[in-house]
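A single chain, nothing else alongside it, follows as structure tokens in the form predicted on its own.
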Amino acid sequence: MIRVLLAEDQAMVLGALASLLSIESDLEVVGRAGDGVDALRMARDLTPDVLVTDIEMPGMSGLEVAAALKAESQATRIVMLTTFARPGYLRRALDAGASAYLLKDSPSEQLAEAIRRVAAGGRVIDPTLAAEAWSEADPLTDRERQVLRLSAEGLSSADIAAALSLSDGTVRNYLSEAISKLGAKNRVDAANLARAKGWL
């Protein structure tokens, strides 16, 4: 029996996923998390064979959960299930330790099969998306991405500096670097460009 933990912030989608997987005789849903913080806590407590997680969630993203589990050398394998067909997200998911990257509009039987393949040590990635992911590298550093994300949420340079324990000048330097690397007009344009590529 393959033990599966589900992480999805939309309750209806979470319920539907659990119902779909419960039909499979060899899969057991051992937990459901509604945000990234709960997903990480439950993954540590339950040690499932596979975590099926959305990317965008409150508290922590699926990417951050995957990276945390990888850093802790947890044996749980990660399946990213998302609406984002963006190469940047795929690349970051693989870097964070994900073994599969599926789109939510894929047929339901593909998810069950992906879980089985991942649990057996395999990988499942859309080949078209995989080819695109390596065609354009993400130019942002982790810190530039973090600062740009907070800026996109409406925080001022001073607010970002306080949140990240940096100086105001350092935050402005990170924003300036990100704007320059992306060839953007300003921080709003830079955030929009990075988000469109899946780099934010």
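Take the two forms, find the largest set of C-alpha atoms that superpose within 1.5 Å, and that set is the rigid core. Numbering starts at 1 and follows the sequence shown. Bear in mind that the values here come from a model prediction, so they are computed numbers and not experimental data.
Unshown form predicted together with another copy of the chain; subsequent notes refer to it.
Note on contacts: among 173, 167, 47, 156, the single residue with a heavy atom within 4.5 Å of another copy of the chain in the predicted bound form is 156. For the marked spot (26, 60 and 141), a heavy atom within 4.5 Å of another copy of the chain in the predicted bound form is absent from each of the three residues. Heavy atoms within 4.5 Å of another copy of the chain in the predicted bound form map, among the stretches 70-78, 87-95, 100-108, 117-125, onto 100-108 alone. In the predicted bound form, none of the heavy atoms of residue 177 sits within 4.5 Å of a heavy atom of another copy of the chain. By the criterion of a heavy atom within 4.5 Å, residue 151 is counted among the residues contacting another copy of the chain in the predicted bound form.
Contact annotation for 9-28: residues with any non-hydrogen atom within 4.5 angstroms of another copy of the chain in the predicted bound form are 9, 10, 11, 12, 13, 15, 16, 17, 19, 20, 23, listed in sequence order. Once you line up the core between this form and the one not shown, the Cα of residue 192 ends up 2 Å or more from where it was. When the rigid core is held fixed, the Cα atom of residue 28 travels less than 2 angstroms between this form and the one not shown. Once the cores line up, the CA of residue 179 ends up 2 angstroms or more apart between this form and the one not shown.
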